[in-house]
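There is one chain below, alone, in structure tokens, taken in the form predicted on its own.
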């Protein structure tokens, strides 16, 4: 495997995570529990899909990748590298909020580290996105804390959501040994294990402040497979829906 092959794997996984999470966030448009949350999830959906587009552009311009729109919408399911966590349906608001909390803190740490990457195109992108992701995490923190203090039922639902989401969230850091070894040696990023350790420290402290008990990593089985092209039953229907307009005429100009 070459350095560019390893970079392409990492960027595709990051972009696919952002694309699918963005589409899941967009499904709250018009359905948020209050108008403020309807707007917030819609705004974050735009941000995530924008992040995906920026990463697909880097793939195209720096690594001889495909047109971003075609790459986003015309691949077969097996060619996507998103983690299972972003594929799951939104469910109730507690699940969506907990996924947003765990996913965006992982994103914050990843992009924070990429600001020092030796792969130059990632540094300005990471710098540009830090403001957006900061607001995403502040939003998640505020609602997690508020709902954990809103009564026994509300607290119990948030703890249950955390218990369900945690093994799925560990899949964000599914190792890719072959590519990871190259990327770490080249100083492109610190590796999934290091990022996961930083993420666990951060979310543990935030959960403790909200009164939530973060499950021990050793007590759960991480849900892996997405980085290797093995996906849940939920991805293919979502791909068909989100790419329907583009596939109706891929050569159209808008």
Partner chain sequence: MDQPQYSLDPRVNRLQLRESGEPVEVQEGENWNSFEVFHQEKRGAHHEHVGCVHAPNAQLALVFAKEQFARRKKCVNLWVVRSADILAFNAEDEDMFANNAEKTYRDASGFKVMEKINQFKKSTHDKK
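Numbering follows the first chain given and starts at 1. The model shown is predicted, which means the values in this text are computed figures rather than measured ones.
The same protein also has a form predicted together with the partner chain, omitted here; what follows describes it.
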property: In the predicted bound form, the residue from 40, 52, 207, 58 that sits within 4.5 Å of the partner chain by heavy atoms; result: 40
property: In the predicted bound form, the residue from 110, 81, 84, 139 that sits within 4.5 Å of the partner chain by heavy atoms; result: 139
property: Partner contact for residue 47 in the predicted bound form: the partner chain, 4.5 angstroms, heavy atom; result: yes
property: The partner chain contact at residue 155 in the predicted bound form, heavy atom, 4.5 Å; result: no
property: Residue 201, heavy atom within 4.5 angstroms of the partner chain in the predicted bound form; result: no
property: Interface membership of residue 73, the partner chain in the predicted bound form, 4.5 Å heavy atom rule; result: no
property: Residue stretch of 119-127, 155-163, 175-183, 140-148 approaching the partner chain in the predicted bound form, non-hydrogen atom distance within 4.5 Å; result: 140-148
property: Stretch 10-34: residues contacting the partner chain in the predicted bound form, 4.5 Å heavy atom cut-off; result: 33, 34
